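Here you get one chain, nothing else, as structure tokens; it is the form predicted alone.
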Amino acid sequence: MDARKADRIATAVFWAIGIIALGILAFIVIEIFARGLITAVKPSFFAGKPQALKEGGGVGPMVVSTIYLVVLTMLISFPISVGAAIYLAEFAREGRFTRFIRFCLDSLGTVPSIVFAIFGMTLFLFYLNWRTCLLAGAITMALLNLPVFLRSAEEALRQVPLTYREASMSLGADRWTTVKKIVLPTAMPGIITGTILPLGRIMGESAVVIFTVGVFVRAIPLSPFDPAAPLAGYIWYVQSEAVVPDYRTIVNGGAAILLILLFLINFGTRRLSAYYSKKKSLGG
């Protein structure tokens, strides 16, 4: 087989694989919206209070719980992940210790979420005698997403050209000033983009929510120590218990709202990254 023929066959195969993957994704999105979009856009549903036994309830506290959990988790995980990434990429010497840390991070990234959920429940609910609350879930979620977030932040820092560091130090700046003024701002668009996967995982995670946060509330949570019911856990609860007569409507509408929130957060994150990149390129 000559090179041109092999190239055409490989191109056709990869195009087919890409089209199939996009088709599956489009089918899932269209199916979710077809089943629940009409319910999701009703103000009485996305802003209303849930019902325990009768039909007609909403998911207002669940939407707030989801956003609250995302914000709280990012407040915990972002500084820890970026700080650790700066240490690994800029200050730590390459050796057995750093290779061991990266091996542990990669291993933790493959651990099922149910293991983190049981760990969080054991630590916060049994040993610390907390009740289910947003803070317990946020800390557990931060541990769950730490490997992915840290490794993506480290990779973004390593993508900064070495000449940037050399130019800064040649002008008399020390290592920390170079990292703070040159390396970190340059890598920030990549770090922000790297938050997309952890954000989606936080919003869609149900095991950690079920064991540490809660699955049903009627009041909007105000304190981090209040129990809450993020959408992913509430959808599981309604589907598995099927107590309310219109549980399928709630499940379909909740799934549509969750997908819309994911789209909005991903879009906002990408726009923030693009804005930051443009600002840095203009010298802002």
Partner chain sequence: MAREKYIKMLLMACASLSFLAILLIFLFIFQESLPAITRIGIPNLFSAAWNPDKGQYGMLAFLIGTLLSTLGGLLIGAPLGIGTAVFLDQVAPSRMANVIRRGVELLAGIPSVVIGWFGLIILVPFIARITGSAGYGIAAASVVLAVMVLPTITALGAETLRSLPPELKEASVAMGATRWQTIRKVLLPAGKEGILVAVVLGMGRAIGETMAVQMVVGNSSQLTLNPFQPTGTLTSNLVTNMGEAVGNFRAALFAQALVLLILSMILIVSIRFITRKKEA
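Positions refer to the first chain, counted from 1. The model shown is predicted, which means the values in this text are computed figures rather than measured ones.
Omitted from view is the form predicted in complex with the partner chain, to which the following refers.
Every member of the trio 28, 84 and 104 reaches the partner chain in the model of the complex with some non-hydrogen atom inside 4.5 Å. Interface residue remark: residue 54 is not counted as part of the site for the partner chain in the model of the complex, having no heavy atom within 4.5 Å. Within 4.5 Å of some heavy atom of the partner chain in the model of the complex lies at least one heavy atom of residue 110. The partner chain in the model of the complex is not approached by residue 271, whose heavy atoms all lie more than 4.5 angstroms from it. In the model of the complex, the partner chain sits within 4.5 Å of a heavy atom belonging to residue 251. The stretch among 221-229, 42-50, 242-250, 61-69 whose residues place heavy atoms within 4.5 Å of the partner chain in the model of the complex is 242-250. Contacts between stretch 204-222 and the partner chain, counted in the model of the complex as any heavy atom lying within 4.5 Å, involve 204, 206, 207, 210, 211, listed in sequence order.
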